[in-house]
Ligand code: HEC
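Have a look below at one chain only, the form predicted on its own, in C-alpha cells format.
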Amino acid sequence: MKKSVTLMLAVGVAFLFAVTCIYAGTKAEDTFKMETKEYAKHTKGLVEFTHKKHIDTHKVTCGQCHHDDKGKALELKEGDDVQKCVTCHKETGKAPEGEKLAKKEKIVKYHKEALHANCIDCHKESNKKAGDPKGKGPAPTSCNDCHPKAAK
C-alpha cells in the first residue's frame, strides 16, 4: 500500500512538472524586447512589443502576425506553441543591395525583411483605415518610432 501511494505521488509530481514546463515554454509574454540572438550585433535599439496592447486596444488577432509556411494565418489562442520568426526566416539582416529577388522572396528568406514587412505594412494599413491615405498616423511607420536609440 505504501509503495502504491509513493508511486502515485511520484507520478503526480512528474505530471505537474511536465505540465508546468510545457506551459512555461509556450506562454507569450505580454510585453517583451524583440531580441533575436541569431544576430551577431543589433544596429538599432530593440523594439519593445506588447501583445496585450495589440490584442486589447487594436483588436489584432494572433494570425494577423503568425502564419504557416504558406503565409496562411494561424488560428492561435493564448498558450499555443508559437515559433519565433527566425525559425523560418533564417537569414538575419536585410537582403544585400543588388540581390535579384522579388520583395516576396526577400520576405521569405530574410528575417529583417519579414519583420519589417509584417509590422510596417500592418501599421500603414491601420493608419489608412484611420483616415490617412498616405498611411501615416498614430501607428508607427518610421525606424525611430519603434526602435529606441541604441545604448552606447
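None of these values were measured; they are calculated from a predicted model. For every residue, the number given is its place in the sequence shown, counted from 1.
This next part talks about the form predicted in complex with this ligand, which is not shown.
The shortest heavy atom separation between Gly135 and this ligand in the predicted bound form exceeds 4.5 Å. By the criterion of a heavy atom within 4.5 Å, Asp30 is excluded from the residues contacting this ligand in the predicted bound form. Put simply, Ala117 is close to this ligand in the predicted bound form: some heavy atom of it is within 4.5 Å.
In the predicted bound form, Ile55 approaches this ligand with a heavy atom inside 4.5 Å.
In the predicted bound form, the residues of 69 to 83 lying within 4.5 Å of this ligand by at least one heavy atom are, in order, Asp69, Lys70, Gly71, Leu76, Lys77, Glu78, Asp80, Val82, Gln83.
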